[in-house]
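One chain comes next, on its own, written out as structure tokens in the form predicted alone.
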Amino acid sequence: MNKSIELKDGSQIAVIGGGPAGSFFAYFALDFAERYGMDIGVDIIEGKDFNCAGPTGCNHCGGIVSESLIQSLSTEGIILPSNVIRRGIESYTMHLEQGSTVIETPLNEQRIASMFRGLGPRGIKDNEQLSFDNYLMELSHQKGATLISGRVTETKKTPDGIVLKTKDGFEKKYDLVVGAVGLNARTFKLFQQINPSFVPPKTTKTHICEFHLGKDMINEYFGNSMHVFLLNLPNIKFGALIPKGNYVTMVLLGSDINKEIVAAFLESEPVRSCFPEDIDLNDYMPCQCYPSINILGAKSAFDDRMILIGDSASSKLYKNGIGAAYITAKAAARTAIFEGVSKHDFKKHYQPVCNELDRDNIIGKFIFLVTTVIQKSPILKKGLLRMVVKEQKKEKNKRYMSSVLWDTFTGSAPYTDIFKRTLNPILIKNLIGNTFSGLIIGTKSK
């Protein structure tokens, strides 16, 4: 194995997958190369058309971008235009069986944005809006990337590169191949052909669907609030209703979500109370799917002249996959341009970034374990609700639990940071006090 393999003028890079991870990599690789005085070629090979409505252009994601990520992108020169953002989310409405409360942004700059990964659900007629994924891919194209429509069907490693072939007959040898293929099992096999040590991420099934309600109904029933649900239902760790233009996106995260679990969620009283009483939700649902998500990072996600990024390697547990795509893509691009493209280079400069995400996810699993305990306990949920209701009347810098919940829902802060904040003595004291108060009041009322 070569200790280091360096790119040079004329080097060619293939990025398989034009979603956020692939587009971010192309953008940063070309930007870094320009700063370094290196002339390289980058091809993005993508089979989907992100400018289409429905499954053809969809990348199966809830479509939430936190303000912290928006600010990070803006410092990179990536400014999301207003016609990509479908609605600015200004608050959360948290629903429990014991009641609901609005959680305002802990700080003014922490609002979040909702958007569609493709053009939108099946049948959408709003042609003035842009797809988030298509915007990023076009941005990388403006930076100098060549967009190739097609699906890679063959990979072959040679002494001085990797040859790719597509279903349409396109064939080319590259100095570096980057996998940004999400969780596509068929494409993973192509990477295992050139790197037998690669072990794909562990996954579980979730659920996403869209309700076409129209702006008037959404403004009346949802407003600019994202509705989140912590309910005692099997397999569901987190449920959300996200307003976007004329649609509301429903996202269920957990383990092995199926039709029966979805039906139980929709039939629960806290969920039904968010919609008009007289509508059959099935009549308003043009699109639904059960996509997989990354719950355990890949192993050996790189070798000489090849690397996987984003969901294909390491992501963020349950939340902010776009943020993880940005982090891993930038680290991979920086390594490729400034350090080299050998297995040794990626292990030294890219793997630590993935390791940090993976370690943070371990803390995330613990947080969601605690969340599951709370979901199953009416007493704890009543205490949580009382605490948050009281906090919303305080100054924003004293809303300790509200801030923790906000960042847990959005994924805008690392799980490690969230966990440290849960150890705040004031937060613990207030939660215990509100839990016992709720228990005493409940006992007296019987």
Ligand SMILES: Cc1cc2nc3c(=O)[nH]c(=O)nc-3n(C[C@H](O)[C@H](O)[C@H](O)COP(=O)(O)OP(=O)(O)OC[C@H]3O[C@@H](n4cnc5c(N)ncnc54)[C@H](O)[C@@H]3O)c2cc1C
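What you are looking at is a predicted structure, and each value in this text was computed from that prediction instead of being measured. Residue numbers run from 1 along the displayed sequence.
Note that the form predicted in complex with this ligand isn't included here; everything after this is about it.
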Non-hydrogen atom contact K343 with this ligand in the model of the complex at 4.5 angstroms: no
K382 within 4.5 Å of this ligand in the model of the complex, heavy atoms: no
Contact test in the model of the complex: A325 vs this ligand, heavy atoms, 4.5 Å: yes
Contact flag, G150 vs this ligand in the model of the complex, heavy atom cut 4.5 Å: yes
Listed range touching this ligand, judged in the model of the complex by heavy atoms within 4.5 Å, from 371-379, 81-89, 227-235, 316-324: 316-324
One residue of E46, E67, E391, D407 in contact with this ligand, assessed in the model of the complex (non-hydrogen atom, 4.5 angstroms): E46
Interface residue in the model of the complex among S292, T93, Q288, Q98, criterion: non-hydrogen atom within 4.5 angstroms of this ligand: S292
Sequence-ordered residues of 37-68 touching this ligand in the model of the complex, heavy atom within 4.5 Å: I45, E46, G47, K48, F50, N59, H60, C61, G62, G63, I64
